[in-house]
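Take a look at this single chain in structure tokens; it is the form predicted on its own.
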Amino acid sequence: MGNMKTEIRFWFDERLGISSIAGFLRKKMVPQHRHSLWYYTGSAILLFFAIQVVTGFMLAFYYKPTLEGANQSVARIMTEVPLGWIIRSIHSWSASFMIAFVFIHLLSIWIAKSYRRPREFTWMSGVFLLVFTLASGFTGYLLPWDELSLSATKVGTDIPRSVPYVGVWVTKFLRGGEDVTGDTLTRFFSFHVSILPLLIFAFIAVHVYLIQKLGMSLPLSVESKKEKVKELPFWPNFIYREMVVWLLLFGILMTLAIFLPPSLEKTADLMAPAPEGLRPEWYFLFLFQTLKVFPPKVLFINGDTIVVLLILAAVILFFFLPVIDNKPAEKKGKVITFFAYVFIVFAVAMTVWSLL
């Protein structure tokens, strides 16, 4: 019996290189310092993405991406399919958790300046993940096809129209035509269940590969002290700690999913006016409020156009942050760190304002 187990282990190891992977994990070390807590945000993103994939597969078995069947199929999932309501609730809440942790992960890297050379591509792949994750949340919001999701999608897809030259084309591309229709629903469903998950999976793979190749970075404040940093073995010590974090997060997720499940409004009417108090999901609230409070005209230029162009410029600068902040220990680096705190305060203030 023992020889058979050895032969089976050898057979798999010869083809998959399991022993090499295990040896790598045993040798891998994780720095321990007062900012080590942020290391766990990366694995939390993987946890919620896995939950999204599993629950998304389960929901796709019953969902119908058509004008006639979308809302009814979601209602059936919530009322007739065994445990369907909790699966939908877990899917909805895990999406919010994933987006929140992507934001937290990138902001912690920004403040710690862990994107500095040679980890520029690690940061850039993370920014792509943020964009794809937000896009996944936006496309998934329409799928219940109720009044609120339809109106919010009309507003959201109309925003790119303010961009000169390409804006109208982008709006038509997102909608599949001039207005939000059944073609938009089918298009958003395709993006949500196939294109965006594949892109997220691909960039997660690239991101994890770069982390393994370059190692976990130290915050600038820790590295500048030039003291020997304590290290923790990745396997099994750090993995065990991560499992505790996963268990806590999963417990919070299940609690919210059970006691605060998402609602479902009546089927969307393409001819009905937008409902009062229309708001997007929480992760777009600060942009929504910024558009609301910005002046309609600035020097004969449409205010929405200026805001959208400023947002695009901010995203581009955010993407190239490691190139811009190429000397993080100097004065310019401190100014860029200050902007990180300004952004956090601004985003929180706009979000709270939009809820008042």
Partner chain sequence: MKLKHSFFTRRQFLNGLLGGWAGAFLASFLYPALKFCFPPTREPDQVVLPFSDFEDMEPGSVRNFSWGTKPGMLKKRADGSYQAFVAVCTHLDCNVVYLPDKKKFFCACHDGWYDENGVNIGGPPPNPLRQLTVNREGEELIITKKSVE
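On a predicted model such as this, the values are computed, not experimentally measured, just so you know. Numbering follows the first chain given and starts at 1.
The discussion below concerns the form predicted together with the partner chain, not included here.
Among heavy atoms of Ile159, some come within 4.5 Å of the partner chain in the predicted bound form. The shortest heavy atom separation between Arg187 and the partner chain in the predicted bound form is within 4.5 Å.
In the predicted bound form, the partner chain stays beyond 4.5 Å of every heavy atom belonging to Glu227. Contact annotation: Asp183 falls within 4.5 Å of the partner chain in the predicted bound form, judged by heavy atom distances. In plain terms, the part of the chain that comes close to the partner chain in the predicted bound form, with a heavy atom within 4.5 Å, is 149-157 out of 112-120, 93-101, 210-218, 149-157. For the options Ile195, Ile239, Ala272, Leu232, the residue carrying a heavy atom within 4.5 angstroms of the partner chain in the predicted bound form is Ala272. Interface residue among Lys297, Lys327, Arg34, Lys27 relative to the partner chain in the predicted bound form, by the heavy atom within 4.5 Å criterion: Lys297.
Contacts with the partner chain in the predicted bound form, taken as any heavy atom within 4.5 Å, map within 166-198 to Trp169, Lys172, Phe173, Arg175, Gly176, Gly177, Glu178, Asp179, Thr181, Asp183, Arg187.
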